[in-house]
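Here we start with a single chain on its own, the form predicted on its own, put down as structure tokens.
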């Protein structure tokens, strides 16, 4: 039957966007040209056993599209996951910026956010030790603003000239194409140890910041200093922060390795499940605003991307919240084709002279041209502004919109039919900062202190976090084949902290300590500790948004199950049932309890806390099972809170834990104790256990 086509904008023959009104069979397969397909099983041949004919347009189109359905993946940030949502402004910020989205309290601006790892390819795993991208596209009334952030506020390098070298060094070694999604190899550490400016970033990467528990529980940072400009043309510098409303949380390294084996899509699945279940992730947007006078007096150069401004010196002003509340309809069309560019700013926001930012502004646009096939990637719906768009740009690969009418140039004398004109009052005006100087390739002397903030970061961590940093250095450097690279890194650590350097040297088994690396500037010892830099000092005050794994067997106490379920729901957390078979179990009153995971597919690494509720009849079977022993052993060694009924003691004994149970192992033999257990879980980990389980 015939199809009726109407244009959404009411025009005919002008190239407007149209939709199809189905009046016939909606299930008939067609070609991309709309031709109904009679046979999708067999190509057109000359005889039953003859050659395929070139005239088979159905087969040719199908194969053609398949051959081209993979676009080049991103060189970095290839493995990503995104969601839609909105940004809600808290207050009018007209005193510091004319940016439209910050003018009206309560107004919501549509956004799309993509999280990513940096070094791994698209098919790599989620829990790599790596930086996480946190890029947000704001569809404002005055155009798209892309805040292309990371979960770490500093970067490896100071100048974009070194970015290709950094990425080449971090990626798979070119002669062998491994390792994938990790920096534990000679090339990366050879490069890094020859670039002292990377030392601050290395401290962050070796910390637990690089192995977040979830996208939902990590911070985001714009990294660079940007400018805010108000309607009067007054300028202040700004650093952008995303603060998760559910607090910070990371995993431990051994746990990350096992999660990657159990569920390489762990972060993706977590975000998908949270949004689909209505537990929408939220972050608050914070601004560190400071003027040129502060920038001149600050101990470090605010244009140096390897430096932070401690929040204790310039507090973060929270000005709005980001809520992610809708997953994409199609991963490729949206998450894969979204194009973020640091150059995408709006009136009221401007760039600074940070040399790394300046290079990114060039690189991102060039990259999108390569990935998405031409200059019209802005017409892809996920990239298109939601505000009116008028210009004279035309043609090019896959153009979906072109100027209408006679004029495709400006200036022209065609009056009202001549198309759009510039608007000096509303249009973007670059802040007129004064610039002069000789043309030269040189690094400012104000960028020369490479160790002081690295030391400040380390000293701001708790002892637990400091231990994790040392262990991470030992693990990564142990994968380097060359002794001189390991020694070179320790020589840099001597400029950061002697105890850290000695701990790493001991872990590497170095025969003798190297000399400290030559430093362009001596390490400052007077920088105050910044508690805001610690994850453990900025954890949540509830267990909301976390997961508890209940290991159950047939005959498990129904009262314990119900009490635990209620306590978990009251906390805003989630309960997942793990049983020996995917069919679930029957509890002590004969009620069927469906399983979320089979025991060997639902290890304890997937949960934030676990509860073990076997029955008298089946505890012996459970105690003999290696997977069950791994379940409790891993939970214990990863310092998780463990709830248990008395029957579970046989499993603990079988796992060698019966003499090691501590205050993080909490009896739950009656329903009322479930609340006590969940209250304890608000600490997320029982860190007091770690010295007993982490000996290396």
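Positions refer to the first chain, counted from 1. The shown structure was predicted, so the numbers you read here are calculated from the model rather than taken from an experiment.
Although it is not shown, the form predicted together with a small molecule is what the next lines describe.
- The three residues 212, 252 and 466 each lack any heavy atom within 4.5 Å of the small molecule in the model of the complex.
- Partner proximity in the model of the complex, defined as non-hydrogen atoms within 4.5 angstroms of the small molecule, places exactly one of 473 to 481, 277 to 285, 433 to 441, 218 to 226 at the interface: 218 to 226.
- With a 4.5 Å cutoff on heavy atoms, residue 300 does not count as touching the small molecule in the model of the complex; it lies far away.
- Taking the partner from the other structure, the small molecule in the model of the complex has a heavy atom within 4.5 Å of a heavy atom of residue 363.
- Using a 4.5 Å cutoff between non-hydrogen atoms, residue 244 does not count as a contact of the small molecule in the model of the complex.
- At a distance threshold of 4.5 angstroms between non-hydrogen atoms, residue 116 is in contact with the small molecule in the model of the complex.
- Contact with the small molecule in the model of the complex, defined as a heavy atom within 4.5 Å, holds for exactly one of 182, 407, 187, 367, namely 367.
- A heavy atom within 4.5 Å of the small molecule in the model of the complex is found for one listed residue only; from 621, 593, 160, 521, this is 160.
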